[in-house]
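The chain that follows stands alone, in the form predicted alone, written as structure tokens.
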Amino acid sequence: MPEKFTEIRLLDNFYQTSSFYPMPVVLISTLNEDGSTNLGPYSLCFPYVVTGGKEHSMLLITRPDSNTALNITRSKVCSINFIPDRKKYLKNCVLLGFPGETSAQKMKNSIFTLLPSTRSGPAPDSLNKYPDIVGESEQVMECTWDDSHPLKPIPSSNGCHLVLVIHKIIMKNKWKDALFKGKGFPRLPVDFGFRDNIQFWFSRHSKPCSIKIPNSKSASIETVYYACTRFDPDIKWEKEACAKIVKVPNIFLKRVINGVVEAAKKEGVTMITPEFMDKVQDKRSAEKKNS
């Protein structure tokens, strides 16, 4: 028999006071008024708009009077730096995370290497520059604040929400290769928050395990063939070609079919074959590697 549940009192900062909640550990780099870079450690930073639009974004929750919030709402730009799981980096994050100090006071304690942003073109701030990125990062998301979004900063004592549109994702070459081959992961830390008014708790990275999608969750070849052949009357499909996408979740199937049909029309192809499907897949893989 499973153990019984017991209710926990729901308190402020419930993610750490009333629960165990795994979170990322990132450094948000922003521009100070004098053009220098500020680093602020954060865990309340999550994917927000992930699909269905041209602009993909992250959601950052922060105090409205923090150096990070003040810098972002003034300059509109920032970078999200994903640092590796090394204890000396996490200790420095704890040191950089205490409120009440100026950016200059905090940055004296930073052990991280600052490198120029990889973004080009004019910046929205009057300084016309972008914040530096952290050289020790495994990957970096260079972002711009969406000040027109409904979740723009809410002045309060509890915090504000910033929608950060991702303009560029960069990562170390070895992780770019691992990403597209589907093998290998960077060692990224997990934060469980501040406990007992004494210490922060982090979980060390362990090797991720893979679990294949069971065949019972795959769409049948007949279902996929039906969807493909009725998508566009000018494009025909071989069943063997449809078999290439039976593992695609139903919610994404229409989008995948549309992409293949568009590619076929561009090349004047009227019959989708397994070979054409391989060609489309190879082309997209090459585009991702070069992006």
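Computed from a predicted structure; not experimentally measured. When you see a residue number, it is the position in the sequence shown, counting from 1.
The form predicted together with a small molecule is left out here; the points below concern that form.
**Student:** In the predicted bound form, which of 66-74, 247-255, 262-270, 230-238 comes within 4.5 Å of the small molecule (heavy atoms)?
**Tutor:** Of the stretches listed, the one contacting the partner is 66-74.
**Student:** Pick from P99, G135, P116, P122: which residue has any heavy atom within 4.5 angstroms of the small molecule in the predicted bound form?
**Tutor:** Among P99, G135, P116, P122, a heavy atom within 4.5 Å of the small molecule in the predicted bound form occurs only for P99.
**Student:** Check whether A243 has any heavy atom within 4.5 Å of a heavy atom of the small molecule in the predicted bound form, and answer yes or no.
**Tutor:** Contact check for A243: no, nothing within 4.5 Å of the small molecule in the predicted bound form.
**Student:** Do L31 and the small molecule share at least one heavy atom pair within 4.5 Å in the predicted bound form?
**Tutor:** The answer is no: L31 has no heavy atom within 4.5 Å of the small molecule.
**Student:** Does D191 reach the small molecule in the predicted bound form, with heavy atoms at most 4.5 Å apart?
**Tutor:** Answer yes; at least one heavy atom of D191 falls within 4.5 Å of the small molecule in the predicted bound form.
**Student:** Just to confirm, I61 within 4.5 Å of the small molecule in the predicted bound form by heavy atoms?
**Tutor:** Yes, I61 lies within 4.5 Å of the small molecule in the predicted bound form.
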